[in-house]
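The chain below stands alone and is given in structure tokens; this is the form predicted on its own.
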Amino acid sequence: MNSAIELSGVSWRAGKSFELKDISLNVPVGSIYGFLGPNGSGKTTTIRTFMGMLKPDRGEISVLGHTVPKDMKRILARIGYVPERPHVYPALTVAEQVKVHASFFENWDPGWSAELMARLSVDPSRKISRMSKGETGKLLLLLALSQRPDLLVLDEPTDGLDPVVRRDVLSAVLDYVSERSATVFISSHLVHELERICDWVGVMDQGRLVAELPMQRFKNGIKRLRIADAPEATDAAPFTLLSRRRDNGAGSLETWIVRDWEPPMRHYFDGVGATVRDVIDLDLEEGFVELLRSSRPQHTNGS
């Protein structure tokens, strides 16, 4: 098994308001896969399809080598899941919630659960209704990790948390991955937060997967180029041109945003009579924004 999660041609429509459009993604076993996209882009809906909560209109899904939805019982026994909205009982204390959750999982590790409770500073006697958002976030992660999962699915796990709690949550995830070689699928709209922990990234926008690639390629392969005497046609270019614009008052200079750039590609411009004046690195958030901008339909103002 090379893929922890694999979706092939998955589509799903919610009336006329939203749809997933032909989603095909692959999460390698043992990877930390960052699932990026603006709010409302379809990240949570995609998660619900491979967690068996939504039935796609078409397409195929496998998780941990099993078919969704046919083998969901075996799949869910091996997944730790932190949903976008808490799934705990406000009337219970932390210790009572842990006991309830543990009863559903054969692989529950009580010793590990107690260790996590201490590490994350979660008070077992505290009533859930009196917990802050940060305390609840740490409890949800504790519940997911105490199952000793092979796959950890985190849907916006640090949204709204303060920086200290975010650091604690992400540190616990990294420690677990290091110890167990588990796979992590983490959804977020916070680009910089995922930059330092993920080795793969998928980018969603408007119900479509617009990019999927190793994080290093994402970070290093999107560039801003300044080109003199740029060619009109770019069909033979060895990179993907995301956007181009003529620099006002700069003669023949244009600014291009390109994807999948590598230094030897400068030779392409020599062959078409153009000159690369500058190759400028973009930070991860700039690259993310450019990917989204290039994937969206361009509307022309007719006035």
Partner chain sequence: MYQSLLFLHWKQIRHVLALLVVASFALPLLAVHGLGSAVPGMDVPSLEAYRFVSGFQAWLIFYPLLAAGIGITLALSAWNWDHQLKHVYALSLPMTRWEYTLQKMLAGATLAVVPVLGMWLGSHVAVASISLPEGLNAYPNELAVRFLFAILLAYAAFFAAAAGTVKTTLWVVGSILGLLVFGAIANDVLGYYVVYFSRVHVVESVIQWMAYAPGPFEVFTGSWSLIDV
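These numbers were taken from a predicted model, which means no experiment stands behind them. Positions refer to the first chain, counted from 1.
Keep in mind that the form predicted together with the partner chain is missing from the display, and what follows is about it.
Shown alone here, Q97 lies within 4.5 Å of the partner chain in the predicted complex, counting heavy atoms only.
Looking at H101, you'd find a heavy atom of it within 4.5 angstroms of the partner chain in the predicted complex.
Taking non-hydrogen atoms only, G134 never approaches the partner chain to within 4.5 angstroms in the predicted complex. For H66, no non-hydrogen atom is located within 4.5 Å of the partner chain in the predicted complex, even though that partner is not displayed. The partner is absent here; in the predicted complex, the one residue of L190, A91, L174, V164 having a heavy atom within 4.5 Å of the partner chain is A91. For the residues G221, P231, P214, P83, the 4.5 Å heavy atom test against the partner chain in the predicted complex is passed only by P83. Annotated contact segment (heavy atom within 4.5 Å of the partner chain in the predicted complex): 46 to 54, selected among 33 to 41, 46 to 54, 273 to 281, 238 to 246.
Not one of L152, F185 and R196 comes within 4.5 Å of the partner chain in the predicted complex, counting any heavy atom. Contacts between stretch 105 to 136 and the partner chain, counted in the predicted complex as any heavy atom lying within 4.5 Å, involve F105 alone.
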